[in-house]
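Next up is one chain by itself, shown in C-alpha cells, the form predicted alone.
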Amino acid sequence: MRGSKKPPRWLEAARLRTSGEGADWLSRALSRAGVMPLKDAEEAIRAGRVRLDSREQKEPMAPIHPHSRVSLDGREVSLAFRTRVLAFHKPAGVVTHGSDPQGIGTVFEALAAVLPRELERFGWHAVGRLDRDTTGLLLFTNDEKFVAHATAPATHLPKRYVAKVGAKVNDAKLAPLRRGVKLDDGELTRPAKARPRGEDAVELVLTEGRFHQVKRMLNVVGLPTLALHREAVGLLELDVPLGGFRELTDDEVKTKLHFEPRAPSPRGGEGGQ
C-alpha cells in the first residue's frame, strides 16, 4: 500500500513474542544466556560486532527465533539458557534501581562486586524491590518468567519480614493485620500473618507486594517502622552473610519457590562463549 511504513523492529519483536511464535529480542537473549550483560550486548550490536543468521544486525531489539544463528566477533554463540536464581543479602543504603541519583549505590552494583567471573556475563533482574533502608533477602535471576512468577499477586508467594517498631507491641495491635487493613490510599490488604518478636519487633508474612506495604500496614495499627529486614521468600530462608550471595539449586527453585526452572535446550548447552 502506498505510503505504508514497515513497523520498527522493536515493535515487530514485541508482536512476535506475544503471538506465541517463540520470538525474542537479540540483546536480551544474549544477556539471558550469559554471553554478555544487557548493556554490553546492546553496545556490541550497535557497533556491528553481532551477526544474526549471517547478516550484520545493529538493532538490539531485533526479533530472533529458536533456530536463529548468532555470532559475536565472527564466532557463533549459543542463546540456549537455563533458569538461574541468586539469593543476595541486601545491605541498607543501596536502591533496587538501575541508577541512584544520590550516588550511594544500587543493588546491581553491590551484587556485581561479589560475583565470580563466570556469572558476570549474565543480565540479572532483581525480583521485586526492597526500600533503600530495608535489608535482607533479595532474589536475582536471568529469567523474566521467574520474575513474573515470584512477583505476581496470583502466585501468593509469601515474604516474611521482621520490623523493629517505635511502640510497644501487643497481640491486640496486630489483630487487624491478620484480617487485612485499609491503607492510606483506601485499598484493603490481604490478611497477613503477624506475631510479636519481643516488645518492639513484629514478624509479618505477606502474600502481596505493594509500595512500602509493610511500613504502611504497621502505621495503620500505630507501630511506626524504625528498621525492616526480609528473612524469607517462599520457603527460602536467608542464609548468606550481609552483602553476600549464593546460587540456588534447581531443586530449591522448584520446592522452595514453586517454579519449574527452564533447562537448557539440547542445542548449544547453557549458552555463553
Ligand code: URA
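It should be emphasised that the depicted structure is a prediction, and the values quoted were computed from it without experimental measurement. Heads up: residue numbers just count along the shown sequence, starting at 1.
There is another form of the same protein, the form predicted together with the ligand; it is not shown, and what comes next is about it.
Novice: So in the model of the complex, does D131 come within 4.5 Å of the ligand, heavy atom to heavy atom?
Specialist: Although the ligand is absent here, D131 would touch it in the model of the complex, with heavy atoms inside 4.5 Å.
Novice: Using a 4.5 Å heavy atom cut-off, state whether K215 contacts the ligand in the model of the complex.
Specialist: Yes - in the model of the complex, heavy atoms of K215 and the ligand come within 4.5 Å of each other.
Novice: So, Y161 and the ligand: in the model of the complex, are they within 4.5 Å at any heavy atom pair?
Specialist: Yes, Y161 sits close enough to the ligand in the model of the complex that at least one of its heavy atoms falls within 4.5 Å.
Novice: Could you confirm whether L236 comes within 4.5 Å of the ligand in the model of the complex, counting heavy atoms only?
Specialist: No.
Novice: Using a 4.5 Å heavy atom cut-off, which residue among M36, I64, I45, L228 comes into contact with the ligand in the model of the complex?
Specialist: By the 4.5 Å heavy-atom cutoff, the listed residue in contact is L228.
Novice: Pick from 131-139, 103-111, 188-196, 162-170: which stretch has non-hydrogen atoms within 4.5 Å of the ligand in the model of the complex?
Specialist: Selected stretch: 131-139.
Novice: Determine the residues of 191-208 with a heavy atom within 4.5 Å of the ligand in the model of the complex and present them in sequence order; the list may be empty.
Specialist: If the 4.5 Å heavy-atom criterion is applied to the ligand in the model of the complex, 191-208 yields nothing.
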